[in-house]
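Listed next as structure tokens is one chain, alone, in the form predicted on its own.
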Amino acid sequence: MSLPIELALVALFTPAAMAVILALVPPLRRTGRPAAWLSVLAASISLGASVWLFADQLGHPSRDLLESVRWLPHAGAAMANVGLRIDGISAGMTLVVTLVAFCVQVFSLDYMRSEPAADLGRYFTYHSFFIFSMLLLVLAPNLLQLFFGWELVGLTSYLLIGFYFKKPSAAKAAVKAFWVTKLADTGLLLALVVLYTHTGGFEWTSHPGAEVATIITLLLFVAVMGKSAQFPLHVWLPDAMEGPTPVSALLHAATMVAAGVYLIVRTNPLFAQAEFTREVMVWIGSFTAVFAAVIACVQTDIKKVLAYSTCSQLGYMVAALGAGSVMGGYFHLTTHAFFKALLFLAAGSVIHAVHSNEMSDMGGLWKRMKLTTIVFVIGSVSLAGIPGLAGFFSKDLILEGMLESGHTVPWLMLLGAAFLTAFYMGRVLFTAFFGELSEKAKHAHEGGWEMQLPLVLLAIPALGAGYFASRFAGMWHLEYELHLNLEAGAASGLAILGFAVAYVMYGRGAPVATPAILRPIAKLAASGVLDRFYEGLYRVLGLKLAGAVGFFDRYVVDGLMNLSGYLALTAGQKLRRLQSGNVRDYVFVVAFAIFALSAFGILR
């Protein structure tokens, strides 16, 4: 077995083993802090193996290793293989997952310190299980194994969103996230069935023909819309902020929601055959980018601003992949993972200090929390795409790819989203970190080293990851070239304008009010119109369909089974009368039968 495969196995199964140990040994799990440190140790080992694997892959960019075993034997062959695939794409995503997960776990040591010991152990058990599930998805050699990781990630998301399950809103948010994503996952399951029917396998590079590829990719995209929160299946993500803030950084900013984008990158040979699907992706991604950015502008909860920002940035990625810019979409996934995880953890640091999610309670934090303010500025500027930071390089690729593919209107939509991104992040910065100290901020202070170290670690790639784009492109076998042209300048100029407008409106101690022009949108967002639409659809269509299926099952399927049983019992009751138990009757029947057979033979 080669070194890369061994490293991948260490990265994958170390957190899996820790999750199993903590789950099966309740006394250890209930120790709280010791259990947490064991989980962090497993995460650090997984991260170390991932860093080594990534560095080794950088030195061998053309390497593509596959280690698998046959599974589900059928007709002398295997229905599928399970194992590991090591190439530039999987090695890069493995590093992203393990780095963010490690930072989140270390941050949680301080952030979750006040939790009861048993709950803390449960929290870190879920974390270890998540790392395993996500890496199972990332390292999958085919779509079938990815499906198992995909579903386990969804299960872990449900458990972590509902961590405070005694809180009704958290329990409801967990169920909502589970059902919306499971509904979308039906598309992935059906895509597997269609793919196997036409190709006899589950390979990434299958070529079933343009028409079949269109059907398969549309089904895959339905799953992506659920997992990566694209309109109109984005409704679960803002509610998922009911989970602890580190959970938001891990699942709903950097890794779990990126699984849909990763799926498209992996199956790009399939999507390349489906022009119609890619066009759908461009428009849905572009609309989601603008729609979610507008709603982020009217939020007052700092976590919900970042949640809608995540929806918006995922829209950028989906639109880029639809336009054929695989490098733009995948590189933005990578850079976004770093600066959005940084923003969520910085927001967690603030929430931990002021005990509130509302930005109106956070004024003047720069005077009390300088490190958190600095890293939040870095994350915000990178997210907005200001030149020199990581987000600029990946956004530039996306916008350039949109123009090169001839999608002028979506390009303009993404330019508008770039302005809105800078505006809503400027709104957060100026109201939460600058101006006069609020009452709750007067006693705010930085967290311990466990909270500060992850912020510094994530700020480094948020600042400098863009400068290594060409190395990443070589490892991913994609083309990259930075063009400092008018299009890139337009996006950067709009981002700077967005910050300037935010400063004019909020930079002088103004309250965190909704801009007048956006108040109708704020009312629409607060009304939960999409949620009510889905609830109505469930009542009108879902319940009636379920009732019809229940009637069919109860009276047709069960009725036929009950009828066959009744007929068998009745026939048995009738036939048993022939068994009188009287020997003379049996002798008479035998004699009569012999006579009848003899007569039949003679007469014949």
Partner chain sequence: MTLSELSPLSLPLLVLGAALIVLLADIALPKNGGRHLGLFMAAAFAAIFGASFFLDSSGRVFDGVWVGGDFTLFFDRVFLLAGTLACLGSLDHVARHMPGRQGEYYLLLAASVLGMMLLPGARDLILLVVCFELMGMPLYLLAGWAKTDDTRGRGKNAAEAALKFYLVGAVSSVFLLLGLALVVGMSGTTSIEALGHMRHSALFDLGLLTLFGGMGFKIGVVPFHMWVPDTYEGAPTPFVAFLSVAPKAAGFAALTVVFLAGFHVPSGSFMPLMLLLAATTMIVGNLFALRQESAKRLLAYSGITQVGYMLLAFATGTRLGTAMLLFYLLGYTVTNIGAFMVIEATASGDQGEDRVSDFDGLYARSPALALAMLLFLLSLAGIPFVVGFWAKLYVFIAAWEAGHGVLVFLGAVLAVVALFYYMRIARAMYMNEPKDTSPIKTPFGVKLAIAICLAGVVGMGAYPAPFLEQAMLASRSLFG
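Only the largest set of C-alpha atoms that superpose within 1.5 Å between the two forms is called the rigid core. Note that the structure is predicted; figures quoted are calculated from it, not measured. Residue numbers count along the first chain shown, from 1.
The next section is about a form of this same protein that is not shown, the form predicted together with the partner chain.
- Although the partner is absent here, residue 579 sits close enough that one of its heavy atoms falls within 4.5 Å of the partner chain in the predicted complex.
- Using a 4.5 angstroms limit between non-hydrogen atoms, residue 62 is distant from the partner chain in the predicted complex.
- Under a 4.5 angstroms non-hydrogen atom cutoff, the partner chain in the predicted complex has residue 572 among its neighbouring residues.
- Here the marked residues 45, 52 and 55 all miss the partner chain in the predicted complex; none has a heavy atom within 4.5 angstroms.
- Residues of 588-602 lying near the partner chain in the predicted complex, listed in sequence order, are 589, 590, 591, 593, 594, 597, 598, 600, 601, 602, the criterion being any heavy atom within 4.5 Å.
- After superposing the rigid core, the C-alpha of residue 27 moves by less than 2 Å between the shown form and the other one.
- Core-superposed comparison between the shown form and the other one: the Cα of residue 13 travels less than 2 Å.
- Residue 62 shows a C-alpha shift below 2 Å between the shown form and the other one [criterion: core-superposed Cα displacement of 2 Å].
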